[in-house]
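Only one chain comes next, encoded as structure tokens, the form predicted on its own.
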């Protein structure tokens, strides 16, 4: 190829690329996707997972996904609405707007709030847009979470997370499978200069959510089918106290340091791992990438993870969260457009872009990023996933568990007295609902 022709060809390609980029920029503006004069409009309310993400690579990736999407759907424009970082307040506001008929056509709903929206009957069924095979392939806790009492699915849960036990293989060679094995491993790590097992124990949601795995692993239930708190009744009381006493024993025996009663941030575990002061902690799947970034390669290679140990080897659970999309509009065309956004932008492509764990086995197999040994292990652990109950009383239950844990770990109340106090406060709050 002659140089002059090659230069001309490159110039043409560059011009085409720049024109394409400019076209994409035109289609994805600050608050709109698609032509401003498009006759059909969908209002879409999202979190930071979109073209306006603070993570530039994600923002660029979503800009392309949205640009390609809107070109496949001529005649449409999407009016974008962004939620603030105050997710609890945003979800409450969207629910009230939806009740009064002023909600968005389509929007992001926090998975553990989804039942509140379904109970308020503000969501539209999405069954027609997902095959039976796609629904059947969802992890059980996901399928259960999006399915209403009438058997319809009222949202699509597109990403999730989970908690696991991280360990430094150089100090704790074998994965503990039971509570007793974890306690023994933590005590053995102290003999090698570590501070033992680190878990969340302070006043925040992470303490409740991470500890609940120990209650759920025994089959414990926080509420009944009507949403009434039952965690302090009958067999649930026995299982609840067993899980509280497990944490108390970890501290009393020295397997966990007393300072866990003040830990209110997963970042503390990363810092301890980087400082070489702990060999064991209960953390989120997202922390694997954080450890990889924070540690030197030879130090990161020492770390691995395994399922959270249960009272017995076959009793395991892990808390799972994540985000859903749901349709609020009753317009069939807008419901279909909402489903298209979910299927063509978020479920699959969005997971791969952000490396957010998918909610079905098929997607773990479809995208290369999820075929890694680590992500396959996360997928296996999700089989034991358990979501928080989406009932109005859950926030107070969580609040009282945090208070209870502080009292027990500090030794100011016995587990029985702390449970009774927590239950009294929760029942009083439930009566006021």
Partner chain sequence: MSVVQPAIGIERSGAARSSLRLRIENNPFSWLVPVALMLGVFYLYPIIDVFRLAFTNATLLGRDEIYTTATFKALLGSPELPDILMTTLVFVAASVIGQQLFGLGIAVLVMRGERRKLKGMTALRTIVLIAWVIPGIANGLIWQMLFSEAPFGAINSVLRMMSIAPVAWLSDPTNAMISAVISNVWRGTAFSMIVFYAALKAIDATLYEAASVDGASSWQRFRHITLPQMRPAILVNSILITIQTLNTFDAIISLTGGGPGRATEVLSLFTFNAVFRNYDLAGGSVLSVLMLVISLVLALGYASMLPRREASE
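Remember, it's a predicted structure, so these values are computed and weren't measured experimentally. Residue numbers count along the first chain shown, from 1.
The same protein also exists as the form predicted in complex with its partner chain; that form is not shown, yet it is the one meant from here on.
None of the heavy atoms of residue 417 is located within 4.5 Å of its partner chain in the predicted bound form. Within 4.5 Å of any heavy atom of its partner chain in the predicted bound form lies no heavy atom of residue 333. Contact check for residue 192: no non-hydrogen atom falls within 4.5 Å of its partner chain in the predicted bound form. Looking at residue 101, you'd find every heavy atom of it more than 4.5 angstroms from its partner chain in the predicted bound form. For a residue to qualify, one of its non-hydrogen atoms must sit within 4.5 Å of its partner chain in the predicted bound form; all three of 116, 262 and 403 qualify. The contact with its partner chain in the predicted bound form, taken as any heavy atom within 4.5 Å, belongs to 277 out of 71, 277, 131, 253. Among the residues 292, 169, 203, 228, the one placing a heavy atom within 4.5 Å of its partner chain in the predicted bound form is 203. Note on the interface: of 234-242, 158-166, 80-88, 217-225, the segment with non-hydrogen atoms within 4.5 angstroms of its partner chain in the predicted bound form is 80-88. In the predicted bound form, no residue of 37-70 lies within 4.5 Å of its partner chain by any heavy atom.
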